[in-house]
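Just one chain is shown here, as structure tokens, and it is the form predicted alone.
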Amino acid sequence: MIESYLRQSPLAHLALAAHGPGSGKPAGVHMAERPFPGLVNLRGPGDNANFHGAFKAAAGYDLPVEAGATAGSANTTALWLGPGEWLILDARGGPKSGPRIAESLRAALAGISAAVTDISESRACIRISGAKARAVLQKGCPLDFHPRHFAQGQCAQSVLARAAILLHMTPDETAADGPAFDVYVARSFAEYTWRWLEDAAREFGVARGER
């Protein structure tokens, strides 16, 4: 785990907190970094009742078992990545959130064939929200973003402008005018992905920030 006093967001040099709206017209898109998410990759036997029971005892909720489904509590959310694989995230962040989740799961799953890996430091999270968020994502991502096919709470692994991403549509109390999407991308692609989204959203008006 990286020392907290040395920890720096991959987008820190862009000084996002100092940005205002990108044009004179009302912003159709809001972009923000969600810094330092706690992320743990979990792999295990999806057909094993003991595995699922041990996870529920530790987390307080059942692992999602359908493609693209998510489940969670007030503290963490589990995203289905594939048969026998999930991402457990703590969007509150903090240098100890990933290790804390991993430690809890390893203790709960002791004796069960499972792999628990803290990947917090390897990913960045960019939130894009607002009335035109779907339109921006559609410019570079092949997913079907119609609400009938990609709804609140769903997730999917895909590509955005050739960068591999994990996309999670999540409620956002500050985005009453449209949906909010969390885009998880490898740390090394964070600036590229941010700048691509920013450019794709320019025609709609962009508000930028950090929250």
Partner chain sequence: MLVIPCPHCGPRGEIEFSYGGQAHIARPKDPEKVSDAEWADYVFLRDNTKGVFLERWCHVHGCRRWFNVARNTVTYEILAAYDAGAKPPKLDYETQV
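Just so we're clear, the structure is a prediction, and the values are computed from it rather than from any experiment. Residue numbers count along the first chain shown, from 1.
Although it is not shown, the form predicted in complex with the partner chain is what the next lines describe.
Colleague: In the predicted bound form, do G60, H168 and A180 all reach within 4.5 Å of the partner chain through at least one heavy atom apiece?
Modeller: No, none of G60, H168 and A180 comes within 4.5 Å of the partner chain in the predicted bound form.
Colleague: Wondering, does E85 line up within 4.5 Å of the partner chain in the predicted bound form on heavy atoms?
Modeller: Contact with the partner chain, yes.
Colleague: Verify the contact flag for T70: yes if a non-hydrogen atom of it lies within 4.5 Å of a non-hydrogen atom of the partner chain in the predicted bound form, no if not.
Modeller: Residue-level check for T70: no, no contact with the partner chain.
Colleague: Going by a heavy atom distance of 4.5 Å, is A151 a contact of the partner chain in the predicted bound form?
Modeller: It does not: once the partner chain is placed as it appears in the predicted bound form, A151 has no heavy atom within 4.5 Å of it.
Colleague: Taking any heavy atom pair closer than or equal to 4.5 Å as contact, tell me whether H52 reaches the partner chain in the predicted bound form.
Modeller: Contact with the partner chain, no.
Colleague: Identify which of L81, L109, A91, A131 has a heavy atom within 4.5 Å of the partner chain in the predicted bound form; exactly one of them does.
Modeller: Looking at the other structure, the residue within range turns out to be L81.
Colleague: For a quick check, can you give me the residues of 140-165 that have a heavy atom within 4.5 Å of the partner chain in the predicted bound form?
Modeller: Going through 140-165 in order - heavy atoms within 4.5 Å of the partner chain in the predicted bound form - the hits are P142, L143, A156, Q157, S158, V159, A164.
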